[in-house]
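For reference, the chain that follows is the form predicted on its own, supplied as structure tokens.
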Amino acid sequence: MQMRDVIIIGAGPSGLFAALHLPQHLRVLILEKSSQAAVKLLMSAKGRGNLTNTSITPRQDYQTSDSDFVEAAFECYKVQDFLDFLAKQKIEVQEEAGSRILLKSWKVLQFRDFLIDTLRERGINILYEQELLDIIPGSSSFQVKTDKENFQSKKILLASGTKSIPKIGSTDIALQLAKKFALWYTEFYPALVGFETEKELAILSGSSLNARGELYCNKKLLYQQFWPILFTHRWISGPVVFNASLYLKNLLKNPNNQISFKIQVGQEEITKRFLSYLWFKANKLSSYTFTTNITGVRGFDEAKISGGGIKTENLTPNFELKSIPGLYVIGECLDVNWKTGGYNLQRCWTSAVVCARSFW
């Protein structure tokens, strides 16, 4: 059995980016459960690639139990560092509404392929359709078991995804390992996902409005934002709703909680179609506000990410487990989450580089 210096579990954004920043003399192997790399990256902004956001303030902008850890990581690898990397590689981007940074080519597939091709040139291979079953620490190395074969490595980077969008191969293997190794963690829950509503919204299905959305639990305001809201037959989605979903967590499981969502629509957004939704006749309104109770959230099948994950309190500043030296945890499986718009991808880039630099 060939000994590797580093095995990376997961060929997603954090796994690929970490491999790109490791010392080139190391023998590196990437194991991926799916048949292709970085599927979630390909889905970003419907294929346009929302890679980061210039307005990120780490301490304020990430939900985590350890803001100091996140802020320290971003001090080591900032948004500007990632933009400088793109510029050095002559990858053109443009800033759009909400301080979002998107690929100018509108083709995230090209960016994904650039990462893979660069790694291939460095002799780093990706083995696909390798489902991780277990990681077994030894005295001087780790054994990695997949459903196909076993591997050995001096160090391991766990860069797996989470339970969101299981059709692309997502699993909860990170939390299975957290339980095995007695780590602190939060159970995964669907996040950046739509809400099921008590009100019937069929007449608005397919329409989108720029509006202020406010999420309440027992009349206490949890989150508010002005951004697009998309209406479907019996639920609402869009950036405002996705971001608000991060604040729900397990609140809906308590039957004593009343979860409601208030939508404030300005005059410029009140279309004829919206007026037809109202129970009274009106030709013109200066604004309109309505509230609906939230009866549920859409599941992991539709969630852009999973909230929760392995807590950063388990880690050194280099993302190495304090209790298991040589085993690192980066990317989406960490309990560090925030809103749509490039925030979560930047979390992946930052954790990948900070971790990889510790190998130099």
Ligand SMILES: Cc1cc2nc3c(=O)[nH]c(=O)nc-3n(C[C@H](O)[C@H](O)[C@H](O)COP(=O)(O)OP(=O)(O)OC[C@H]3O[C@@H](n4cnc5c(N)ncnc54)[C@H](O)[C@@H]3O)c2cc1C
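A residue's number is simply how far along the shown sequence it sits, counting from 1. Every value quoted in this text rests on a predicted model; they were computed, and no experiment measured them.
The same protein has a further form, the form predicted in complex with the named molecule, not shown here; the description that follows concerns it.
Checking 66 to 74, 307 to 315, 289 to 297, 39 to 47 against the named molecule in the model of the complex, the stretch whose residues place heavy atoms within 4.5 Å of it is 39 to 47. Contact between D335 and the named molecule in the model of the complex is not found at the 4.5 Å heavy atom cutoff. For the chain shown alone, A18 is not a contact residue for the named molecule in the model of the complex, no non-hydrogen atom being within 4.5 angstroms. Within this chain, L31 lines the site of the named molecule in the model of the complex, having a heavy atom no more than 4.5 Å away. Proximity of Q130 to the named molecule in the model of the complex falls within the 4.5 Å heavy atom cutoff. Note on contacts: among G169, P137, G98, G238, the single residue with a heavy atom within 4.5 Å of the named molecule in the model of the complex is G169.
In the model of the complex, I9, G10, A11, G12, P13, S14, G15 are the residues of 8 to 22 with at least one heavy atom within 4.5 Å of the named molecule, listed from first to last.
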